[in-house]
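Here's a solo chain for you in structure tokens, the form predicted on its own.
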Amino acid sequence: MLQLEGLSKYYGKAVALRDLSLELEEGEVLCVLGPSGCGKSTLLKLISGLDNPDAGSIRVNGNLIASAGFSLPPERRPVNMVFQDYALWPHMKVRTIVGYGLNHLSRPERRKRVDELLDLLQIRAYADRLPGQLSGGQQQRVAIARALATDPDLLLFDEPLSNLDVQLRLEMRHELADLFQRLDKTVIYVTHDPLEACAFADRLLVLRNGLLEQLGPTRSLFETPVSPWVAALAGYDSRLSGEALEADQEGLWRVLVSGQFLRVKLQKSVHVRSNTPLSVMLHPSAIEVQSRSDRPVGEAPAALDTAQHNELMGKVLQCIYEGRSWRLRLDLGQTRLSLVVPEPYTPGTELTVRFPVQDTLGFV
């Protein structure tokens, strides 16, 4: 449905987007992730016609809409965008805003279409209000209704939840997930929040410095990140330094970390030799913690399935309260581990941390 081939954009010598190629199927929801300045908004501007590519091409349903030296005007593209600030005209009532692009219809047809959209977005009660009389969530629904009014082939969303408070953002995630499912529209949704993307994305595109860093199903970001940077984006914020020793028959590597051994999963494309330094990354949600005082006197530690789990022992250096949890710095001897736990531990406490082998990622 949407084809991007070798798409590039430069501002002077600065790279905004370089050599991006991908295809979207009809009805697919693609979420674009990355920090500020990575090329997310540039991608939307190129597709919508608000900016022109320096190289590459953009096609919708096989029809060329942009390439180097050619750009179909925005109003002639089957594409609509919901902007970050919603861009609602402050002097117009909701009904007029939603129907703004429907002047080609007769008055009864236009009113019917607007009413359908107001009902779909559950904003019929606000039809005669001005944007300034609406909450942030209500304004967003108006912006979405306006974008849907002309029945575009492709919908673009530029971080539409970023201006909402935390609770409303969570509620709107569920509403958007339901809406996308009912509409069956092709959607490109830009966000910097991986959890937001997981609510409704079929695939994730991760951009970094204008380049494609990772593209794949939603779960791939969390289960098989391709780089330490993507792993950190996916929440793997506990990092250790280790040394690769040897690979086993299952393709896992035996890695030495502060005199203790771990089994680590590496990307299949990574070629590692013995004695290679590695960065080992863990997701805090996968780590279980147990102190010696948690066990009755004389009781041995619970049996560890070494085929499925890793184990490290260390001593608490620091414990900092972070609202609903505590962050520990654990001294493992030659290195330190940062992790989040649901309860505090006194500095000096000896702890054992356990985590699944499949959640132990290694990067060169």
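Remember, predicted model here, so these are calculated numbers, not experimental data. For every residue, the number given is its place in the sequence shown, counted from 1.
The same protein also has a form predicted together with adenosine-5'-diphosphate, omitted here; what follows describes it.
Q: Is T42 near adenosine-5'-diphosphate? Define near as a heavy atom within 4.5 Å, in the predicted bound form.
A: Residue-level check for T42: yes, a contact with adenosine-5'-diphosphate.
Q: Does L20 reach adenosine-5'-diphosphate in the predicted bound form, with heavy atoms at most 4.5 Å apart?
A: No, no contact at 4.5 Å.
Q: Using 4.5 Å between non-hydrogen atoms, is L351 touching adenosine-5'-diphosphate in the predicted bound form?
A: No, L351 is distant from the partner.
Q: Would you please decide whether G37 lies within 4.5 angstroms of adenosine-5'-diphosphate in the predicted bound form, comparing each non-hydrogen atom pair?
A: Although adenosine-5'-diphosphate is absent here, G37 would touch it in the predicted bound form, with heavy atoms inside 4.5 Å.
Q: Just to confirm the contact call: exactly one of 29-37, 323-331, 54-62, 310-318 touches adenosine-5'-diphosphate in the predicted bound form at a 4.5 Å heavy atom cutoff, so which is it?
A: Contact-bearing stretch, as computed: 29-37.
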